[in-house]
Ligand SMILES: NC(=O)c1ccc[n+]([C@@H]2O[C@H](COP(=O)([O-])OP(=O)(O)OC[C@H]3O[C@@H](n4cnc5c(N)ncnc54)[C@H](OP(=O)(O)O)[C@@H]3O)[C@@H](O)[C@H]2O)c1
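Quick heads-up: it's one chain on its own, the form predicted alone, in structure tokens.
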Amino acid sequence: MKENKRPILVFGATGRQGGAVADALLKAGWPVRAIVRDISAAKSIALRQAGAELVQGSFADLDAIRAQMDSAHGVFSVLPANLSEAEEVRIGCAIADLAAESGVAHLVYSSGASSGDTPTGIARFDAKPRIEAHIRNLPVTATIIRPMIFMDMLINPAFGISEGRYTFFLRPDQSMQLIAVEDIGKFAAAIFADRIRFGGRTIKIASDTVTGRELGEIFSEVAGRPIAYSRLADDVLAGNGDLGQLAAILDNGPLADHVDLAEMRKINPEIISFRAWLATQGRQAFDTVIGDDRASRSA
């Protein structure tokens, strides 16, 4: 049997990352197998109609997961954001262990760009490097991807955009890197297509680089009215542990370490800029947040 005819087992296939990966793999000609909680749910039905093989199960059913790995070429592992740090580490390590035990040819684990040698103090960030370390000690060919900040995370009413302003962690002239969730799928498909090239690597992935000032400019263009950009006040950052830590990670931590977008295009020639994403894939969510009735008309 040809290697590329064996399925890729995709976790989280009805979610954002897993869904993007399943879609990209199907488009690339890979058979996709997905473990879902409810095969009758609308997203599950859509996934089956797109060509994926669905298996009902959960993270708690390790025997079922093992059975689905036995005939799989690869595994894409991504975990939901609502897990505790201990749960995330336990499940992430268990999936990797099963992949190694089952003789899976290629494990791709989606970690986070905030992962590094120094703990951040934020549980959902600090679980990931512990899983990474476990994977590196296993007898399995693995690739760890670290997606940069998701573009859709910026479309959040908490940042004040409906009031004609955008207040965020960046200084106006400071830059950060973003990724479109759809691009995560395309990166993963490219990685599964070339196990020799990517096996054993840890790769940050990104689609674009923007400054705080550019965020204001892009939001203003798409909104058709001024959106003033400013950084969160120092006293606000100092008074909130999580906000202050996020700002520190952007200032001097792992998120300040940018990747070469030219190298990204060599892996995924279709990476999308934030400006293009906001005008297309992200437009409806943006219109909803700023209170533009175009969102309801296009729904």
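Model, not experiment: these values are computed from the prediction. The first residue of the shown sequence is 1; numbering continues from there.
A second form of this protein, the form predicted together with the ligand, is not displayed here; the remarks below concern that form.
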Where, among 164-172, 209-217, 189-197, 149-157, do residues come within 4.5 Å of the ligand in the predicted complex by heavy atom distance?
-> 149-157
Indicate whether the candidate residues 16, 37 and 80 are all in contact with the ligand in the predicted complex, with contact defined as any heavy atom within 4.5 Å.
-> yes
Give a yes/no on whether residue 58 approaches the ligand to within 4.5 Å in the predicted complex, heavy atoms considered.
-> yes
Can residue 88 be called a contact residue for the ligand in the predicted complex at 4.5 Å between heavy atoms?
-> yes
Contact of residue 128 with the ligand in the predicted complex (heavy atom, 4.5 Å) | yes
